[in-house]
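What follows is one chain in structure tokens, specifically the form predicted on its own.
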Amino acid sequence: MRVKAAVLTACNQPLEIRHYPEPPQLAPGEALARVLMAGICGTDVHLWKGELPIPLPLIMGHESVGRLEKLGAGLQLDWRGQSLQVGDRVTWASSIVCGECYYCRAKRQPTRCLQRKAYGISYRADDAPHLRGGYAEKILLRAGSSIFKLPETLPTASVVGAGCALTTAIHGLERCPVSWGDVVIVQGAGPVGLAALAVARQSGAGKIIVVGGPAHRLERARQFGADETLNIADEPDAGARQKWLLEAAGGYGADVVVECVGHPAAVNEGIELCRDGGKFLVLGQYANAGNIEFNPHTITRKQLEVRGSWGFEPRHVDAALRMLSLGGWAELFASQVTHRFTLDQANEALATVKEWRCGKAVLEP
């Protein structure tokens, strides 16, 4: 049997539809899932643009929900210890770590594992078993993958609408916590910015201000609980933006500023929005989008705590799914899915995300 996939063959070139063989049998611990929905992440745009080293050709797609079709010998339980059966609807952590290297064992930093590999990012599509990304009709999950059985009450669109943005934000704000009553400024109103807003709100932030654009994303930020928003199109001057945001934060600046933009220039702007003794979390610079001139005196003068965060662990997937069961988060994140495409429309989906024309675009193979 052949499996259809949308494949990145060269950076800045259209994805191609290709077909790969379905594995005739599964090795112990593996799982074959039919992809129900795959998110088009902003990181996929960076991959397409060549801003991260990746093997080509590549089946992208690292935030997906699927239905189990085959289980390899010995795979009986999900990450939470629940029974797994063919037909179950599941999601999975996008990466697998070795558990043995310096960062996994000695430093307890598994997201920096020296052997870490991620679905939709690390596997060359022409190498067997081929099916290692969500932009395909089916995906073959490696033995050792962290699989999560989904309750029937949790919509697929909620899980993919939250995507890796929510798990990334949970990890980031774990490393740079928001305390009860804090004033928080979120730079960026895309999926990561909205997720950071949601986690900050759930953590007890007293006031949350979002700066970004375009207007439809800021409207969604208000739906997610932002107290105030600033559209950069309405205030293109960085100095004027800084003045407005500092005043909105009470005059001194925010307790926590979370950068979720992905453009390096946002870092210089963001550290000036922190109060003295505040915290600055760099969450959006996942890809190498270039350098900036930077004055470290700002960090010293303001006595800042500056943190970075990379990826997430399976426990953050667990936390994200639990958060989606609270309040109205499942409905809000499901509303993020504004554009749906088939595999044949993968290039249109990618362009929609690249041009900021959607909340969340997804493929439904």
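Note that residue numbering follows the sequence shown and begins at 1. Since we're looking at a predicted model, the values are computed, not measured.
What follows is about the form predicted in complex with another copy of the chain, which we do not show.
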item	value
Another copy of the chain contact at residue 326 in the predicted complex, heavy atom, 4.5 Å	yes
Another copy of the chain contact in the predicted complex: residue 285, any heavy atom under 4.5 Å	yes
Any non-hydrogen atom of residue 243 within 4.5 angstroms of another copy of the chain in the predicted complex	no
Another copy of the chain contact in the predicted complex: residue 236, any heavy atom under 4.5 Å	no
Answer option from 128, 215, 73, 292, heavy atom within 4.5 Å of another copy of the chain in the predicted complex	292
Among the candidates 56, 332, 45, 304, the residue which, in the predicted complex, approaches another copy of the chain to within 4.5 Å (heavy atoms)	304
Segment assignment from 84-92, 155-163, 217-225, 272-280: heavy atom within 4.5 Å of another copy of the chain in the predicted complex	272-280
Residues within 4.5 Å of another copy of the chain in the predicted complex, restricted to 244-259 and counted by heavy atom	252, 253, 255
